[in-house]
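Consider the single chain below, provided in structure tokens and representing the form predicted on its own.
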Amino acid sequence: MGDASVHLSLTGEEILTVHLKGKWQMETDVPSTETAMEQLDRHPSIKRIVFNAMALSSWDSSLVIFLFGISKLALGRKIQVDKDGLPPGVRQLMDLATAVPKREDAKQSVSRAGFFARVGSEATDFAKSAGDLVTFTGAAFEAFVRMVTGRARFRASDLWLFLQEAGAQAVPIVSLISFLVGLILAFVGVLQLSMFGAEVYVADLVGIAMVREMGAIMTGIIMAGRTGAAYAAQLGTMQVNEEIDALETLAVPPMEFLVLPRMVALTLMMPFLVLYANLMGILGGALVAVGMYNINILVYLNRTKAAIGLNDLFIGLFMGAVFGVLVALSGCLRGIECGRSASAVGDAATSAVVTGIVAIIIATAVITVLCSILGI
């Protein structure tokens, strides 16, 4: 076979056949698409382009480039291109190069659907998300039962690492936020109490608020933004790298190996962090009461001791443990559901924080109402 050549022929008035001959390689001179353009301009009635590669001896990317040029000309004139006459390798390369994958994880454009259609879509997504959460919670509980019975498969070293990350490494931010919350509560409370000459009762206000509610809530929100997002990002990155698929291929349950140690670690550490947050909040309130309003420190501490009961303490610690479970489940769920792109990892982390905080607020309302009904 000689050098690359191309011959065009018409079948009727609507079909243009492109005959490819010779050696189509980069080191040889290959024809251009000008001949095809002239033929298309001369016969505007052409509706279809077909190829005949029976005389083609060898080819490389130069042939693919030529065919792309033909396809571009046909696209501009709305002419159908039939690639059945091309070698299978050429067809595969052209299909692969022209394929545009659906960007499922990219942010989609603003929908032009009507109001009720958008509401229905959001309601459907919410119902699906709620169902996924229930399913994931059931799988997590099953993994916990397997751990209790000694059948769960995870590394003890991972559990100790997560205990450190969710415990000791979270102390600085919990200290700062809890101290400032106690300080703010005391400052706002003493401004009102001073109108009645009852500044000393600011110790009761800060103590009960921190121990019963605010210590657990603020710690839960902190851990949702810090640890829950970290869990979602870690598992989301593993999803992108197909590490979770590899675990499933090796018959290692991701729920036991990845989710269970994270959930156990955060649930165990949350009551200790809540207890520490209570202390820092009371100290923050003491700083305002003693430093700004000259309340005796012993009087402040005695009032705090008299105001806080064991019921208040246990309710706060129980809420902390519940928040730990909710934050861990939210972070791990969003991480496991993460898509296969970098943007999806960021979306998973954001969704984990939002889901965790919403779950904390709902759980707080439920626990508070139940305590009120039970008279605790």
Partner chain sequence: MENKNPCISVVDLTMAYGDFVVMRNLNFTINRGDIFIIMGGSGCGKSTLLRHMIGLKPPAKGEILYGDFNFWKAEPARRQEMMRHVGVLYQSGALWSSMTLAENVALPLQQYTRLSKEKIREQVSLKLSLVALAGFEDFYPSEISGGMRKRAGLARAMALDPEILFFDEPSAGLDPVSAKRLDDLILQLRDSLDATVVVVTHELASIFAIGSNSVFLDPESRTMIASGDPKKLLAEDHDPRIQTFLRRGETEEDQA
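Positions refer to the first chain, counted from 1. What you are looking at is a predicted structure, and each value in this text was computed from that prediction instead of being measured.
Not pictured, yet referred to below: the form predicted together with its partner chain.
Contact at E242, T249 and R340 by its partner chain in the model of the complex, all three, heavy atom at most 4.5 Å: Yes, each of E242, T249 and R340 comes within 4.5 Å of its partner chain in the model of the complex.
Candidate from Y276, F179, F136, F257 lying within 4.5 Å of its partner chain in the model of the complex - any heavy atom: Residue within 4.5 Å of the partner: F257.
In the model of the complex, the residue from K128, K72, R155, K305 that sits within 4.5 Å of its partner chain by heavy atoms: Contact check passes for R155.
Contact segment among 194 to 202, 147 to 155, 213 to 221, 77 to 85, judged by heavy atoms lying within 4.5 Å of its partner chain in the model of the complex: Partner-contacting stretch among the options: 147 to 155.
Exercise: M238 in contact with its partner chain in the model of the complex, heavy atom 4.5 Å: Yes, M238 lies within 4.5 Å of its partner chain in the model of the complex.
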